[in-house]
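There is one chain below, alone, in structure tokens, taken in the form predicted alone.
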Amino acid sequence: MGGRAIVVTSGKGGVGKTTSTANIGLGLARRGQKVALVDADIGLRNLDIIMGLENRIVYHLVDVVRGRCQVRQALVKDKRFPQLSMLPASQVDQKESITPDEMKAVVAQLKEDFDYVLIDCPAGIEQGFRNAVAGADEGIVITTPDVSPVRDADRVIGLLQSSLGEPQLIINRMSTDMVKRGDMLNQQDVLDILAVRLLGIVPEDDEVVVAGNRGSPVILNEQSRSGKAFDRIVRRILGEEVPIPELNGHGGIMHRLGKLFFRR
């Protein structure tokens, strides 16, 4: 039986998609799973930096597709967790350099050797999105609790539902203070709008930025709030019943805007 291929995507860029991919992948590996991370953002790769693997790249995804190397030659192993590997994207090619069928073939090969294949999808719904989704079995959508990213996530969820089935949702950068003041969409607002299963909430936390700059994903910081949140998400992916803390405010201007923009 092959592994699970999960595409991590969003409608809008900059909501924490690549950071989530890195932390979930590292968390799964820390719990004994064999994990392959695939950077599908051809031309704009970042996953290698967040993972601290940027200086060890020899081959990349387009090299594999063009037959210039085997998949195993392009995989970069994480020295912290040998069961974790990353297939980097090319920095110099375009998203049109591969096709959905070629991506599907690469992911299928990885699924033979890994328990989980996490595909870091580029932002948007163009060729890069179609490539990343092609090889996936299921999807995780990342959004921040803001009107614009939620609206774009709604669009992506519709596309995933037509190809992969019901995706799961991670709400990233939730600020408890802003929710309580009614200045940010709360958990229930987002769920009412998007109507998909909530996989987890990651709080706003400066430690995420610090960890990313150091090439050491925040899940390795067991004292950080965001690290703990990512660990709970990993446990849910593995099938554990882990409660999701509620961060619901009393309804402010963002609550009313959410209701206004997303009337169905």
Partner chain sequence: MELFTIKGLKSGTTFLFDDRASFPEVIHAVEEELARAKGFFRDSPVVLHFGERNLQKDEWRQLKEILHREGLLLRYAVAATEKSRDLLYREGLPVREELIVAAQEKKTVQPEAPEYPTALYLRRSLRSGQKHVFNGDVVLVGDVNQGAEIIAGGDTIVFGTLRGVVHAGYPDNPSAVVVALNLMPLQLRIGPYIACAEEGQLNPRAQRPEVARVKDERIIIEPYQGKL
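On a predicted model such as this, the values are computed, not experimentally measured, just so you know. Numbering follows the first chain given and starts at 1.
Form predicted together with the partner chain: not shown, discussed below.
None of 134 to 142, 190 to 198, 96 to 104, 109 to 117 except one has non-hydrogen atoms within 4.5 angstroms of the partner chain in the model of the complex; the exception is 190 to 198.
Shown here without its partner, the chain carries R155, G182 and L185, all of which come within 4.5 Å of the partner chain in the model of the complex through at least one heavy atom. Proximity to the partner chain in the model of the complex, taken as a non-hydrogen atom within 4.5 angstroms, holds for one residue of V147, L164, L75, A123, which is V147. Put simply, R151 is close to the partner chain in the model of the complex: some heavy atom of it is within 4.5 Å.
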